[in-house]
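Quick heads-up: it's one chain on its own, the form predicted on its own, in structure tokens.
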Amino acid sequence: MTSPALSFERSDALFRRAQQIIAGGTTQGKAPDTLLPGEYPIYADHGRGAQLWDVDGNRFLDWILAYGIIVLGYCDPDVDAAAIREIRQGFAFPLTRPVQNELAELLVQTIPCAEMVHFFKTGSDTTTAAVRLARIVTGRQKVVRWGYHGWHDWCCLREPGIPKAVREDVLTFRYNDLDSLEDLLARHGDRVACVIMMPLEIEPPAPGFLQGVKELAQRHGALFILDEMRSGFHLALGGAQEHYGVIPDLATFSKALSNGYAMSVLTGRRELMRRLDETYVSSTFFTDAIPMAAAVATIDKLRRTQAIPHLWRIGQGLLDGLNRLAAHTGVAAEAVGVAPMPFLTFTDSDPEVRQTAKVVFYRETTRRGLLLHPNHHWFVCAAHTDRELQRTLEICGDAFETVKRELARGYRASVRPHTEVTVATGRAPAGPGGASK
């Protein structure tokens, strides 16, 4: 027996109104059709900890967490208090607030590659600045990339509107395949400014892979840049570079850096960062001190608590529990990814069965009060409790049982291209994921 559908009457009405006045109805990367249309809420009302309420009064245990922006939990009192102090003092002046220095010093102490930093507002700003800096330092044009790096011309996932010459200067390789990178650099190495990559998305790096990428890049005179938008402050306080023991030339951070407040940062070796003076980078809101204060409070709380080990423990419990439930019910599925960023894939050899299993599973989990993204890996936050983990597994167990029954009776969900998994597995040549920066 399937669960009754939730009412999204107000959410749907707001979206119909938005479609008349907002291009796409909402931010493109978060459009409703990236989920299961009709089964997910569109508009949030408020959140606390790991809980989210939509405008129709439905309550969800959230494992999406604004795509990794929330690491401590919604409305963390320490972070919000720091932001409110800045608001009350005034936060956008023609002068810089001292909290900028405090945050910069904290980041240099925290991130292994950071000898200097430069602040931006969004992930796309920062990855684009990193690429420009690499071109300045090396005097070369071409970029080798793997993963999702934002929406700017050099890394946009879709070709319309992007000059052909820009696309021709960007190359890619296969994840966990050093031979594919070595072949690429053998052919283009003297023209490559940098190798920029996410350290992982779903598939963890094989032993020695990230270090091998760094060595190949530097052997060919290119910079090695880690895009740590997602991994930063999730895998370790110092990011994936600390967790995996590989120090890049430059690295980019955002998302969990400030527990939801809008900012990003480029970090790297001093002699490289100083050369930003040779170009011009800025932001309309560059004096905004609110996210800087929030970032200081976030990092301070991550340092003085066991928040990051908690992410690993809860996330591993979720991965292990999902795999046990899938095996118990006989549903062809596998929980994958690293513990702070888990995901579930359906693995039947028949694509129709995979699609049906996915649609039924996420329909059931959403109706029973979970927010689990069907097409993007999830995130764990410090506010997730053991009780909430147990509740999640109970709901997922019921959802697996429903999948089993629906498949046994011959039900097949219609295949919708936009509901196919878009996360990077590392096996596709292009390797981009589906989230926004």
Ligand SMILES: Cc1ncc(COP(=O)(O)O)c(C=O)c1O
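A residue's number is simply how far along the shown sequence it sits, counting from 1. None of these values were measured; they are calculated from a predicted model.
Form predicted together with the ligand: not shown, discussed below.
Novice: Look up in the predicted complex whether residue 229 has a non-hydrogen atom within 4.5 angstroms of the ligand, and give yes or no.
Specialist: Because a heavy atom of residue 229 falls inside 4.5 Å of the ligand in the predicted complex, the answer is yes.
Novice: Would residue 150 show up as a contact with the ligand in the predicted complex if we use heavy atoms at 4.5 Å?
Specialist: Residue 150 belongs to the contact set for the ligand.
Novice: Please determine whether residue 122 contacts the ligand in the predicted complex, using a 4.5 Å cut-off between heavy atoms.
Specialist: Residue 122 belongs to the contact set for the ligand.
Novice: Indicate whether residue 198 is a 4.5 Å heavy atom neighbour of the ligand in the predicted complex.
Specialist: Residue-level check for residue 198: yes, a contact with the ligand.
Novice: Given a 4.5 Å cut-off on heavy atoms, tell me which of 357 to 365, 323 to 331, 213 to 221, 142 to 150 is the interface stretch with the ligand in the predicted complex.
Specialist: Of the options given, it is 142 to 150.
Novice: Out of 247 to 283, which residues reach within 4.5 Å of the ligand in the predicted complex, heavy atoms considered?
Specialist: Stretch hits: a single one, 255.
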